[in-house]
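Okay, so here's just one chain, in C-alpha coordinates, the form predicted on its own.
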(Lines give C-alpha, C1' and ligand atoms only; values in the text may rest on other atoms or scores of the structure.)
Protein backbone atom coordinates (compact mmCIF):
# COMPACT_ATOMS: atom_id res chain seq x y z
CA UNK A 1 0.00 0.00 0.00
CA UNK A 2 1.36 3.43 -0.96
CA UNK A 3 2.43 5.98 1.63
CA UNK A 4 -0.16 8.50 0.51
CA UNK A 5 -2.92 5.90 0.42
CA UNK A 6 -2.06 4.80 3.95
CA UNK A 7 -2.19 8.41 5.08
CA UNK A 8 -5.62 8.90 3.59
CA UNK A 9 -6.88 5.69 5.13
CA UNK A 10 -5.51 6.67 8.53
CA UNK A 11 -7.50 9.91 8.33
CA UNK A 12 -10.62 8.20 6.97
CA UNK A 13 -10.34 10.22 3.80
CA UNK A 14 -10.43 7.22 1.51
CA UNK A 15 -13.42 5.44 3.07
CA UNK A 16 -15.44 6.06 -0.06
CA UNK A 17 -14.62 6.39 -3.72
CA UNK A 18 -15.16 9.78 -5.25
CA UNK A 19 -15.13 8.48 -8.80
CA UNK A 20 -18.19 7.55 -10.79
CA UNK A 21 -17.53 5.61 -13.97
CA UNK A 22 -19.84 7.57 -16.19
CA UNK A 23 -19.13 10.07 -18.90
CA UNK A 24 -19.06 13.80 -18.17
CA UNK A 25 -22.41 15.43 -18.77
CA UNK A 26 -22.73 18.03 -21.53
CA UNK A 27 -24.66 20.30 -19.18
CA UNK A 28 -22.88 21.61 -16.09
CA UNK A 29 -25.64 21.75 -13.51
CA UNK A 30 -28.27 19.19 -12.63
CA UNK A 31 -32.02 19.70 -12.61
CA UNK A 32 -32.53 18.66 -9.00
CA UNK A 33 -30.98 21.90 -7.75
CA UNK A 34 -33.20 24.45 -6.04
CA UNK A 35 -34.42 27.50 -7.95
CA UNK A 36 -32.04 29.80 -6.05
CA UNK A 37 -29.12 27.56 -6.85
CA UNK A 38 -30.22 27.40 -10.47
CA UNK A 39 -30.16 31.20 -10.79
CA UNK A 40 -26.70 31.30 -9.24
CA UNK A 41 -25.63 28.49 -11.54
CA UNK A 42 -26.85 30.46 -14.55
CA UNK A 43 -24.84 33.48 -13.45
CA UNK A 44 -21.75 31.35 -12.98
CA UNK A 45 -22.27 29.68 -16.33
CA UNK A 46 -22.30 33.02 -18.14
CA UNK A 47 -19.40 34.48 -16.17
CA UNK A 48 -16.76 32.96 -18.42
CA UNK A 49 -14.85 31.49 -15.49
CA UNK A 50 -16.86 28.39 -14.60
CA UNK A 51 -14.82 25.33 -15.51
CA UNK A 52 -15.43 21.64 -14.87
CA UNK A 53 -12.29 20.12 -16.37
CA UNK A 54 -8.72 19.78 -15.17
CA UNK A 55 -6.01 22.09 -16.51
CA UNK A 56 -2.89 20.47 -17.98
CA UNK A 57 -0.42 22.42 -20.08
CA UNK A 58 -2.90 25.23 -20.67
CA UNK A 59 -5.62 22.88 -21.98
CA UNK A 60 -8.88 22.00 -20.24
CA UNK A 61 -8.84 18.23 -19.93
CA UNK A 62 -11.20 15.42 -19.00
CA UNK A 63 -10.07 12.36 -17.06
CA UNK A 64 -8.41 10.01 -19.54
CA UNK A 65 -10.73 7.14 -18.59
CA UNK A 66 -13.83 9.36 -18.52
CA UNK A 67 -14.49 9.00 -14.78
CA UNK A 68 -16.04 11.89 -12.88
CA UNK A 69 -16.71 13.17 -9.37
CA UNK A 70 -19.94 14.78 -8.24
CA UNK A 71 -19.53 18.12 -6.49
CA UNK A 72 -22.29 18.75 -3.94
CA UNK A 73 -23.75 21.83 -2.32
CA UNK A 74 -23.41 21.03 1.42
CA UNK A 75 -26.39 23.23 2.31
CA UNK A 76 -28.84 21.34 0.10
CA UNK A 77 -27.19 18.11 -0.95
CA UNK A 78 -27.76 19.08 -4.59
CA UNK A 79 -25.23 18.07 -7.20
CA UNK A 80 -23.61 21.19 -8.63
CA UNK A 81 -21.40 19.68 -11.29
CA UNK A 82 -19.30 16.76 -12.45
CA UNK A 83 -15.53 17.20 -12.58
CA UNK A 84 -12.90 14.73 -13.82
CA UNK A 85 -11.66 11.99 -11.52
CA UNK A 86 -7.99 12.06 -12.47
CA UNK A 87 -5.13 9.84 -11.38
CA UNK A 88 -1.52 8.94 -12.08
CA UNK A 89 -1.46 9.48 -15.85
CA UNK A 90 -3.04 12.91 -15.76
CA UNK A 91 -0.82 13.96 -12.86
CA UNK A 92 2.31 12.78 -14.66
CA UNK A 93 1.34 14.86 -17.69
CA UNK A 94 0.66 17.88 -15.48
CA UNK A 95 4.10 17.48 -13.89
CA UNK A 96 5.73 17.24 -17.32
CA UNK A 97 3.93 20.38 -18.45
CA UNK A 98 5.04 22.27 -15.34
CA UNK A 99 8.60 21.00 -15.78
CA UNK A 100 8.74 22.12 -19.41
CA UNK A 101 7.27 25.54 -18.55
CA UNK A 102 9.74 26.07 -15.71
CA UNK A 103 12.71 26.68 -17.99
CA UNK A 104 11.09 29.71 -19.63
CA UNK A 105 9.01 31.03 -16.70
CA UNK A 106 11.98 31.03 -14.32
CA UNK A 107 14.07 32.98 -16.84
CA UNK A 108 11.59 35.82 -17.19
CA UNK A 109 12.61 39.07 -15.58
CA UNK A 110 11.08 39.43 -12.13
CA UNK A 111 9.25 42.54 -13.32
CA UNK A 112 7.53 40.48 -16.04
CA UNK A 113 6.35 37.82 -13.62
CA UNK A 114 5.18 40.67 -11.37
CA UNK A 115 2.98 42.08 -14.14
CA UNK A 116 1.37 38.70 -14.81
CA UNK A 117 0.57 38.26 -11.13
CA UNK A 118 -0.80 41.78 -10.86
CA UNK A 119 -3.11 41.12 -13.79
CA UNK A 120 -4.27 37.90 -12.14
CA UNK A 121 -5.00 39.82 -8.95
CA UNK A 122 -7.00 42.44 -10.87
CA UNK A 123 -9.11 39.70 -12.49
CA UNK A 124 -9.77 37.97 -9.16
CA UNK A 125 -11.03 41.24 -7.70
CA UNK A 126 -13.07 42.02 -10.82
CA UNK A 127 -14.81 38.64 -10.42
CA UNK A 128 -15.13 38.90 -6.64
CA UNK A 129 -18.91 38.60 -6.56
CA UNK A 130 -19.20 35.55 -8.79
CA UNK A 131 -16.23 33.83 -7.12
CA UNK A 132 -17.76 34.46 -3.70
CA UNK A 133 -21.02 32.87 -4.82
CA UNK A 134 -19.11 29.90 -6.18
CA UNK A 135 -17.40 29.36 -2.81
CA UNK A 136 -20.72 29.54 -0.96
CA UNK A 137 -22.28 27.15 -3.44
CA UNK A 138 -19.65 24.41 -3.12
CA UNK A 139 -18.29 25.03 0.40
CA UNK A 140 -21.32 26.40 2.27
CA UNK A 141 -19.87 29.36 4.18
CA UNK A 142 -22.01 32.53 4.37
CA UNK A 143 -21.68 34.75 1.33
CA UNK A 144 -20.18 37.60 3.32
CA UNK A 145 -17.43 35.26 4.52
CA UNK A 146 -16.92 33.93 1.00
CA UNK A 147 -16.53 37.44 -0.36
CA UNK A 148 -14.03 38.11 2.40
CA UNK A 149 -12.08 35.03 1.35
CA UNK A 150 -11.83 36.35 -2.22
CA UNK A 151 -10.29 39.59 -0.96
CA UNK A 152 -8.01 37.70 1.41
CA UNK A 153 -6.98 35.13 -1.19
CA UNK A 154 -6.37 37.75 -3.87
CA UNK A 155 -4.22 39.75 -1.43
CA UNK A 156 -1.53 37.06 -1.60
CA UNK A 157 -1.33 37.39 -5.38
CA UNK A 158 -1.04 41.18 -5.05
CA UNK A 159 1.57 40.95 -2.29
CA UNK A 160 3.77 38.49 -4.15
CA UNK A 161 3.39 40.40 -7.40
CA UNK A 162 5.27 43.12 -5.55
CA UNK A 163 7.61 40.75 -3.71
CA UNK A 164 8.71 39.12 -6.99
CA UNK A 165 11.01 42.11 -7.53
CA UNK A 166 12.60 41.79 -4.09
CA UNK A 167 14.26 38.37 -4.14
CA UNK A 168 17.61 39.74 -3.09
CA UNK A 169 20.92 37.90 -2.80
CA UNK A 170 24.11 38.92 -0.98
CA UNK A 171 27.73 39.88 -1.52
CA UNK A 172 29.87 38.38 1.23
CA UNK A 173 33.15 40.06 2.25
CA UNK A 174 35.89 37.82 0.85
CA UNK A 175 38.26 35.91 3.08
CA UNK A 176 41.03 36.22 0.49
CA UNK A 177 41.93 39.29 -1.54
CA UNK A 178 41.63 37.55 -4.91
CA UNK A 179 38.13 36.17 -4.33
CA UNK A 180 34.59 37.47 -4.65
CA UNK A 181 31.76 35.68 -2.85
CA UNK A 182 28.12 35.89 -3.93
CA UNK A 183 24.80 34.38 -2.84
CA UNK A 184 21.97 33.92 -5.33
CA UNK A 185 18.40 32.88 -4.60
CA UNK A 186 16.87 30.74 -7.33
CA UNK A 187 13.45 29.04 -7.72
CA UNK A 188 13.30 25.47 -6.46
CA UNK A 189 11.43 24.15 -9.54
CA UNK A 190 8.10 22.36 -9.93
CA UNK A 191 5.86 22.61 -6.86
CA UNK A 192 3.09 20.18 -5.92
CA UNK A 193 0.43 22.11 -3.97
CA UNK A 194 -2.18 20.06 -2.10
CA UNK A 195 -4.97 22.20 -0.68
CA UNK A 196 -8.06 21.69 1.55
CA UNK A 197 -11.77 22.43 1.18
CA UNK A 198 -12.29 25.00 3.95
CA UNK A 199 -10.64 27.90 2.07
CA UNK A 200 -10.84 26.80 -1.57
CA UNK A 201 -9.23 29.99 -2.95
CA UNK A 202 -7.01 31.38 -0.20
CA UNK A 203 -5.15 28.14 0.51
CA UNK A 204 -4.22 28.03 -3.17
CA UNK A 205 -3.16 31.65 -3.63
CA UNK A 206 -1.13 31.61 -0.41
CA UNK A 207 1.02 28.89 -1.98
CA UNK A 208 0.88 29.67 -5.70
CA UNK A 209 1.50 33.40 -5.29
CA UNK A 210 5.04 33.10 -3.88
CA UNK A 211 5.82 30.07 -6.04
CA UNK A 212 5.06 31.90 -9.29
CA UNK A 213 6.62 35.14 -8.07
CA UNK A 214 10.08 33.62 -7.72
CA UNK A 215 9.87 31.54 -10.92
CA UNK A 216 8.45 28.16 -9.89
CA UNK A 217 5.66 26.36 -11.73
CA UNK A 218 2.87 24.46 -9.98
CA UNK A 219 0.63 21.42 -10.06
CA UNK A 220 -2.37 22.13 -7.84
CA UNK A 221 -4.40 19.32 -6.31
CA UNK A 222 -7.53 20.91 -4.75
CA UNK A 223 -9.95 19.06 -2.52
CA UNK A 224 -12.46 16.87 -4.37
CA UNK A 225 -15.14 18.52 -2.23
CA UNK A 226 -14.45 22.05 -3.53
CA UNK A 227 -12.62 21.93 -6.88
CA UNK A 228 -14.70 24.52 -8.75
CA UNK A 229 -13.15 27.60 -7.12
CA UNK A 230 -9.68 26.31 -7.93
CA UNK A 231 -10.64 25.79 -11.57
CA UNK A 232 -12.17 29.27 -11.80
CA UNK A 233 -9.00 30.81 -10.36
CA UNK A 234 -6.93 28.82 -12.85
CA UNK A 235 -9.09 30.10 -15.71
CA UNK A 236 -8.38 33.66 -14.56
CA UNK A 237 -4.65 32.91 -14.46
CA UNK A 238 -4.86 32.02 -18.15
CA UNK A 239 -6.84 35.18 -18.86
CA UNK A 240 -4.07 37.10 -17.08
CA UNK A 241 -1.63 35.79 -19.67
CA UNK A 242 0.29 33.41 -17.40
CA UNK A 243 1.82 30.96 -19.91
CA UNK A 244 0.46 27.42 -20.42
CA UNK A 245 1.98 24.85 -18.07
CA UNK A 246 2.88 27.35 -15.34
CA UNK A 247 -0.39 26.61 -13.49
CA UNK A 248 -1.87 23.10 -13.71
CA UNK A 249 -4.85 21.65 -11.81
CA UNK A 250 -5.64 17.96 -11.31
CA UNK A 251 -8.28 16.46 -9.02
CA UNK A 252 -9.76 13.05 -8.36
CA UNK A 253 -8.07 10.00 -6.87
CA UNK A 254 -6.22 11.63 -3.98
CA UNK A 255 -3.86 8.74 -3.27
CA UNK A 256 -2.85 8.29 -6.91
CA UNK A 257 -2.29 12.01 -7.40
CA UNK A 258 -0.39 12.33 -4.13
CA UNK A 259 1.83 9.33 -4.80
CA UNK A 260 2.66 10.59 -8.29
CA UNK A 261 3.69 13.99 -6.94
CA UNK A 262 5.81 12.36 -4.23
CA UNK A 263 7.52 9.88 -6.55
CA UNK A 264 8.38 12.29 -9.36
CA UNK A 265 11.97 13.55 -9.34
CA UNK A 266 10.76 16.53 -11.39
CA UNK A 267 8.68 17.78 -8.45
CA UNK A 268 11.13 19.55 -6.16
CA UNK A 269 8.76 20.78 -3.46
CA UNK A 270 5.52 19.73 -1.77
CA UNK A 271 3.36 22.31 -0.02
CA UNK A 272 0.35 21.04 1.90
CA UNK A 273 -2.45 22.31 4.12
CA UNK A 274 -4.43 19.65 5.94
CA UNK A 275 -4.31 17.13 8.75
CA UNK A 276 -1.20 16.38 10.76
CA UNK A 277 -1.46 12.66 10.00
CA UNK A 278 -1.39 13.22 6.24
CA UNK A 279 1.36 15.82 6.62
CA UNK A 280 3.58 13.28 8.36
CA UNK A 281 3.06 10.82 5.53
CA UNK A 282 3.90 13.48 2.96
CA UNK A 283 7.14 14.18 4.82
CA UNK A 284 7.99 10.49 4.75
CA UNK A 285 7.04 10.17 1.09
CA UNK A 286 9.19 13.16 0.14
CA UNK A 287 12.30 11.58 1.63
CA UNK A 288 13.08 9.30 -1.31
CA UNK A 289 13.65 12.26 -3.62
CA UNK A 290 14.63 14.71 -0.82
CA UNK A 291 12.00 17.29 -1.72
CA UNK A 292 11.57 20.56 0.09
CA UNK A 293 8.41 20.38 2.21
CA UNK A 294 6.25 23.04 3.81
CA UNK A 295 3.29 21.93 5.88
CA UNK A 296 0.42 23.81 7.50
CA UNK A 297 -1.22 21.17 9.66
CA UNK A 298 -3.78 20.75 12.40
CA UNK A 299 -4.25 23.03 15.38
CA UNK A 300 -5.72 22.97 18.86
CA UNK A 301 -6.03 26.69 19.47
CA UNK A 302 -6.44 27.90 23.05
CA UNK A 303 -8.25 31.16 23.81
CA UNK A 304 -7.19 32.48 27.22
CA UNK A 305 -9.54 34.93 28.92
CA UNK A 306 -8.05 36.52 32.03
CA UNK A 307 -9.93 38.18 34.90
CA UNK A 308 -8.76 41.60 33.75
CA UNK A 309 -10.03 41.15 30.17
CA UNK A 310 -12.51 43.59 28.66
CA UNK A 311 -15.58 41.35 28.65
CA UNK A 312 -17.10 42.79 25.47
CA UNK A 313 -13.81 42.52 23.59
CA UNK A 314 -13.25 38.96 24.84
CA UNK A 315 -16.74 37.80 23.85
CA UNK A 316 -16.59 39.42 20.42
CA UNK A 317 -13.06 38.13 19.71
CA UNK A 318 -13.75 34.61 20.97
CA UNK A 319 -16.96 34.44 18.95
CA UNK A 320 -15.16 35.42 15.74
CA UNK A 321 -12.24 33.10 16.37
CA UNK A 322 -14.49 30.12 17.18
CA UNK A 323 -17.47 30.25 14.82
CA UNK A 324 -16.00 31.62 11.59
CA UNK A 325 -16.67 29.15 8.76
CA UNK A 326 -18.78 27.09 11.19
CA UNK A 327 -15.64 26.37 13.22
CA UNK A 328 -13.99 24.73 10.21
CA UNK A 329 -10.62 26.48 10.14
CA UNK A 330 -7.24 25.37 11.41
CA UNK A 331 -6.93 28.55 13.51
CA UNK A 332 -10.40 28.32 15.06
CA UNK A 333 -10.50 28.37 18.84
CA UNK A 334 -10.70 24.79 20.07
CA UNK A 335 -10.54 25.51 23.82
CA UNK A 336 -11.69 28.63 25.67
CA UNK A 337 -9.72 28.78 28.91
CA UNK A 338 -11.34 31.27 31.31
CA UNK A 339 -10.01 32.52 34.66
CA UNK A 340 -12.32 31.71 37.57
CA UNK A 341 -13.00 35.34 38.53
CA UNK A 342 -14.64 36.10 35.17
CA UNK A 343 -15.79 32.59 34.24
CA UNK A 344 -19.50 32.92 35.06
CA UNK A 345 -19.83 36.38 33.51
CA UNK A 346 -18.02 35.33 30.38
CA UNK A 347 -19.95 32.07 30.03
CA UNK A 348 -23.30 33.87 30.27
CA UNK A 349 -22.36 36.69 27.87
CA UNK A 350 -20.72 34.31 25.42
CA UNK A 351 -23.71 31.94 25.38
CA UNK A 352 -26.05 34.87 24.64
CA UNK A 353 -23.84 35.97 21.75
CA UNK A 354 -23.70 32.42 20.36
CA UNK A 355 -27.46 32.04 20.69
CA UNK A 356 -27.89 35.07 18.41
CA UNK A 357 -25.94 33.48 15.56
CA UNK A 358 -28.26 32.84 12.62
CA UNK A 359 -27.82 29.44 10.99
CA UNK A 360 -28.83 28.74 7.42
CA UNK A 361 -27.95 28.58 3.75
CA UNK A 362 -25.00 30.86 3.07
CA UNK A 363 -27.01 32.75 0.45
CA UNK A 364 -29.63 33.83 3.01
CA UNK A 365 -29.22 37.36 4.28
CA UNK A 366 -28.04 37.63 7.87
CA UNK A 367 -26.77 34.06 8.13
CA UNK A 368 -23.63 33.83 10.26
CA UNK A 369 -23.15 30.06 10.18
CA UNK A 370 -23.62 27.75 7.24
CA UNK A 371 -23.56 23.95 7.09
CA UNK A 372 -20.69 21.65 7.92
CA UNK A 373 -18.97 20.27 4.85
CA UNK A 374 -20.50 16.77 4.97
CA UNK A 375 -22.15 14.11 7.10
CA UNK A 376 -18.82 12.79 8.38
CA UNK A 377 -18.07 16.23 9.85
CA UNK A 378 -21.40 16.23 11.71
CA UNK A 379 -20.78 12.76 13.09
CA UNK A 380 -17.36 13.84 14.35
CA UNK A 381 -18.90 16.79 16.21
CA UNK A 382 -21.52 14.50 17.75
CA UNK A 383 -18.90 12.04 18.95
CA UNK A 384 -16.84 14.81 20.57
CA UNK A 385 -19.87 16.16 22.44
CA UNK A 386 -20.91 12.70 23.61
CA UNK A 387 -17.40 12.10 24.93
CA UNK A 388 -17.35 15.45 26.76
CA UNK A 389 -20.74 14.90 28.40
CA UNK A 390 -19.75 11.37 29.46
CA UNK A 391 -16.74 12.92 31.25
CA UNK A 392 -18.68 15.58 33.15
CA UNK A 393 -19.21 18.48 30.73
CA UNK A 394 -22.55 20.30 30.55
CA UNK A 395 -24.15 21.47 27.33
CA UNK A 396 -25.13 25.10 27.95
CA UNK A 397 -26.41 25.76 24.46
CA UNK A 398 -27.01 23.73 21.32
CA UNK A 399 -25.51 20.27 21.30
CA UNK A 400 -27.59 18.76 18.52
CA UNK A 401 -28.30 18.87 14.81
CA UNK A 402 -30.13 21.94 13.63
CA UNK A 403 -33.81 21.79 12.69
CA UNK A 404 -32.77 22.68 9.12
CA UNK A 405 -31.48 19.12 8.78
CA UNK A 406 -28.81 18.17 6.24
CA UNK A 407 -25.37 19.02 7.66
CA UNK A 408 -26.48 22.01 9.74
CA UNK A 409 -25.49 21.89 13.41
CA UNK A 410 -26.51 24.17 16.25
CA UNK A 411 -23.84 26.57 17.56
CA UNK A 412 -22.85 24.91 20.81
CA UNK A 413 -21.31 25.97 24.13
CA UNK A 414 -20.08 23.39 26.66
CA UNK A 415 -19.17 24.29 30.25
CA UNK A 416 -17.03 22.43 32.77
CA UNK A 417 -14.76 20.99 30.09
CA UNK A 418 -11.35 19.64 31.06
CA UNK A 419 -8.12 18.51 29.44
CA UNK A 420 -9.07 14.83 29.57
CA UNK A 421 -11.88 15.23 27.08
CA UNK A 422 -11.42 14.43 23.41
CA UNK A 423 -12.57 17.92 22.49
CA UNK A 424 -9.57 19.32 24.40
CA UNK A 425 -7.09 16.94 22.78
CA UNK A 426 -8.13 17.07 19.12
CA UNK A 427 -9.63 19.58 16.70
CA UNK A 428 -13.41 19.37 16.66
CA UNK A 429 -13.57 21.33 13.37
CA UNK A 430 -17.12 22.35 14.06
CA UNK A 431 -19.28 24.94 15.90
CA UNK A 432 -18.57 23.75 19.45
CA UNK A 433 -16.95 25.93 22.13
CA UNK A 434 -15.80 24.15 25.32
CA UNK A 435 -15.14 26.36 28.36
CA UNK A 436 -12.32 25.36 30.73
CA UNK A 437 -11.81 27.07 34.10
CA UNK A 438 -8.35 28.08 35.44
CA UNK A 439 -6.96 29.86 38.50
CA UNK A 440 -3.48 31.22 37.77
CA UNK A 441 -1.56 32.52 34.77
CA UNK A 442 0.89 29.63 35.09
CA UNK A 443 -1.95 27.11 35.02
CA UNK A 444 -3.44 28.74 31.92
CA UNK A 445 -0.12 28.54 30.09
CA UNK A 446 0.30 24.90 31.10
CA UNK A 447 -3.19 24.00 29.85
CA UNK A 448 -2.68 25.94 26.61
CA UNK A 449 0.66 24.28 25.84
CA UNK A 450 -0.49 20.77 26.78
CA UNK A 451 -0.89 19.60 23.17
CA UNK A 452 1.21 18.39 20.26
CA UNK A 453 -0.25 21.19 18.14
CA UNK A 454 1.06 24.73 18.04
CA UNK A 455 -0.60 26.79 15.31
CA UNK A 456 -2.81 29.64 16.61
CA UNK A 457 -3.55 30.95 20.10
CA UNK A 458 -5.48 33.87 21.55
CA UNK A 459 -5.18 36.00 24.70
CA UNK A 460 -7.64 38.47 26.19
CA UNK A 461 -6.22 40.76 28.87
CA UNK A 462 -5.85 44.48 29.53
CA UNK A 463 -2.51 43.95 31.27
CA UNK A 464 0.29 44.81 28.84
CA UNK A 465 2.96 43.04 30.86
CA UNK A 466 0.84 39.86 30.97
CA UNK A 467 0.20 40.00 27.23
CA UNK A 468 3.95 39.94 26.60
CA UNK A 469 4.70 37.26 29.21
CA UNK A 470 2.02 34.92 27.98
CA UNK A 471 2.71 35.55 24.28
CA UNK A 472 6.35 34.59 24.77
CA UNK A 473 5.45 31.53 26.85
CA UNK A 474 2.94 30.10 24.37
CA UNK A 475 4.30 27.38 22.07
CA UNK A 476 2.39 28.63 19.04
CA UNK A 477 3.32 30.21 15.74
CA UNK A 478 0.46 32.73 15.87
CA UNK A 479 -0.73 34.73 18.87
CA UNK A 480 -3.68 37.10 18.82
CA UNK A 481 -3.89 39.54 21.73
CA UNK A 482 -7.36 41.03 22.22
CA UNK A 483 -8.22 40.06 18.66
CA UNK A 484 -9.89 36.99 17.16
CA UNK A 485 -9.13 37.46 13.44
CA UNK A 486 -5.39 37.82 12.91
CA UNK A 487 -4.45 36.35 9.51
CA UNK A 488 -3.07 38.76 6.90
CA UNK A 489 -0.92 38.46 3.81
CA UNK A 490 1.80 40.69 5.29
CA UNK A 491 2.44 38.48 8.36
CA UNK A 492 3.92 34.96 8.52
CA UNK A 493 1.48 32.07 8.98
CA UNK A 494 2.62 28.73 10.37
CA UNK A 495 2.94 26.60 13.46
CA UNK A 496 5.22 25.10 16.07
CA UNK A 497 5.50 21.42 17.02
CA UNK A 498 3.24 19.10 15.01
CA UNK A 499 1.31 21.95 13.42
CA UNK A 500 3.77 22.13 10.58
CA UNK A 501 6.95 23.35 8.94
CA UNK A 502 7.72 26.62 7.22
CA UNK A 503 5.73 29.82 6.87
CA UNK A 504 3.21 31.15 4.37
CA UNK A 505 2.51 34.80 3.61
CA UNK A 506 4.74 37.83 4.22
CA UNK A 507 8.34 38.20 3.11
CA UNK A 508 9.14 34.92 4.87
CA UNK A 509 6.76 32.93 2.68
CA UNK A 510 8.71 33.33 -0.54
CA UNK A 511 11.83 31.76 0.98
CA UNK A 512 10.00 28.42 1.04
CA UNK A 513 10.20 28.32 -2.78
CA UNK A 514 13.83 29.35 -3.18
CA UNK A 515 17.19 27.61 -3.19
CA UNK A 516 20.30 29.43 -1.98
CA UNK A 517 23.32 29.20 -4.24
CA UNK A 518 26.84 30.29 -3.22
CA UNK A 519 29.23 31.41 -5.97
CA UNK A 520 32.96 31.88 -5.41
CA UNK A 521 34.95 33.77 -8.06
CA UNK A 522 38.66 33.05 -7.65
CA UNK A 523 41.87 34.53 -9.04
CA UNK A 524 40.27 37.93 -9.42
CA UNK A 525 43.61 39.75 -8.99
CA UNK A 526 45.04 38.41 -12.27
CA UNK A 527 45.36 40.91 -15.11
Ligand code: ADP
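Just so it is clear, the structure is predicted and the values come from calculations on it, not from any experiment. Positions refer to the first chain, counted from 1.
The following text describes the form predicted in complex with adenosine-5'-diphosphate (ADP), which does not appear among the structures shown.
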(message) Test of understanding: in the predicted complex, would residue 141 fall inside 4.5 Å of adenosine-5'-diphosphate (ADP) by heavy atoms?
(response) no
(message) Taking adenosine-5'-diphosphate (ADP) as it sits in the predicted complex, is residue 224 near enough to touch it, meaning that at least one heavy atom pair lies within 4.5 angstroms?
(response) yes
(request) Give a yes/no on whether residue 229 approaches adenosine-5'-diphosphate (ADP) to within 4.5 Å in the predicted complex, heavy atoms considered. (result) no
(message) So, residue 412 and adenosine-5'-diphosphate (ADP): in the predicted complex, are they within 4.5 Å at any heavy atom pair?
(response) no
(request) Tell me the stretch among 436-444, 255-263, 284-292, 208-216 that has any heavy atom within 4.5 angstroms of adenosine-5'-diphosphate (ADP) in the predicted complex. (result) 255-263
(request) Select from the listed residues 398, 132, 196, 454 the one whose heavy atoms reach within 4.5 Å of adenosine-5'-diphosphate (ADP) in the predicted complex. (result) 196
(request) May I ask you to choose, among 347, 278, 101, 315, the residue with a heavy atom within 4.5 Å of adenosine-5'-diphosphate (ADP) in the predicted complex? (result) 278
(request) Select from 299-332 the residues with a non-hydrogen atom within 4.5 Å of adenosine-5'-diphosphate (ADP) in the predicted complex and write them out in sequence order. (result) none
